[in-house]
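Let's start with one chain on its own, the form predicted on its own, as structure tokens.
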Amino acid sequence: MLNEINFDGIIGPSHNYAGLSLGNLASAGHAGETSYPRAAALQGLAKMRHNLALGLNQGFFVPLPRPNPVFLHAIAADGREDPRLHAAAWSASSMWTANAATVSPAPDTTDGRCHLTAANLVTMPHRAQEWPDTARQLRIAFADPAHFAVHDAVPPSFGDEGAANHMRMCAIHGAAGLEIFVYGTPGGAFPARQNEQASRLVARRHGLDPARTLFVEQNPAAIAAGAFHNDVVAVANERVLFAHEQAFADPAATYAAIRAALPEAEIVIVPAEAVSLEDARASYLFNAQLVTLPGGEMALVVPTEAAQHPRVGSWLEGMLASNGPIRRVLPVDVRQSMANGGGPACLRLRVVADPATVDPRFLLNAAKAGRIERVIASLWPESIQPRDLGSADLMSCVISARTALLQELELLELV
């Protein structure tokens, strides 16, 4: 039976605040601060446990190798390179698995398989190095060729940032859906990371029905305000789209196209006069997990920053009182991730599949969560300052911690 499975990235032991992401205002605002990898990873694991307790299917991906020896070799690292370039080799940004790939479930594709295309992430050097290791992990987790097709990244001429710029709407997860690709137009103050042609290429590669595929431009004002991905201003689940009033360049045409393709669509629009783009960016209201609970009601899993924000929190209370399609708001603490620019939605990749077809090593249960927690609590560094990056002691600690996790999960082929 097809179900939605959220695959969260386990936050790696090299989690740090180097401020490498241009246009990500939260990341830039915390650059140079002390990070707390152990706390970050335990917060991410607590979110996974929270969602598991709600009755949701929960998976995970493991951290990528850091510092990345392939990247260090490629930049001819010898100690004279730009410190930010050296820091890129240590980045734990693969924890934000919303950027790992774009996923089209089997009901949407011509061959009846779930297709996943690894995102090339070429806009930022610290992320462009990720996709070969990401694709390797995807090919292990989704190895059954009868049910999955895993593709390499699209050519680097076309920037692709994965599911953070992709939404899917449908009556229920297992039914054929409407896939919505959101792209940016270059030329603003910050880079538009999703190229329209990358999105179109992925749609062709996945064999999507053009009549059930939309390509929508993100509002340049949203990108300028720090919404570096669409998932900072919009999120969809089944028949519901939850979006900021200024999320799209042409909202009227976007909503009309959605309703034409999916008549049962419900669109919840947050007005700018109630919640500004700056409020949305600061609180990550839309970088939430909009999920369908086992009983059928929808819940919004938000960062605590959204619930505590005076204007955002007030709007959420009014939304719940309005008897709309979103019936619960559930705050979670992911402060370490938030400080680096990623909320609850950044930390997860949504895959609609039969859990029985997925490699069980990547699926979470209570016992496995306890095993992961013990490794993190004992081996993840308590804190890292950016000046620590490159030290032999930290390198040894980070590599041995990741290896111990892989050994605990019987995934040593990923060493």
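None of these values were measured; they are calculated from a predicted model. Just count from 1 along the sequence shown to find any residue number.
What follows is about the form predicted together with a small molecule, which we do not show.
The closest heavy atom approach of residue 242 to the small molecule in the model of the complex falls outside 4.5 Å.
Contact annotation: residue 119 falls outside 4.5 Å of the small molecule in the model of the complex, judged by heavy atom distances.
The small molecule in the model of the complex comes within 4.5 Å of a heavy atom belonging to residue 96.
At the 4.5 Å threshold, heavy atoms of residue 105 stay clear of the small molecule in the model of the complex, well away from it.
Across the options 323-331, 229-237, 148-156, 246-254, residues that bring heavy atoms within 4.5 Å of the small molecule in the model of the complex belong to 229-237. When you look in the model of the complex, the only residue of 127, 113, 212, 205 with a non-hydrogen atom within 4.5 Å of the small molecule is 127. Checking 303, 341, 184, 177 for any heavy atom within 4.5 Å of the small molecule in the model of the complex turns up a single hit: 341.
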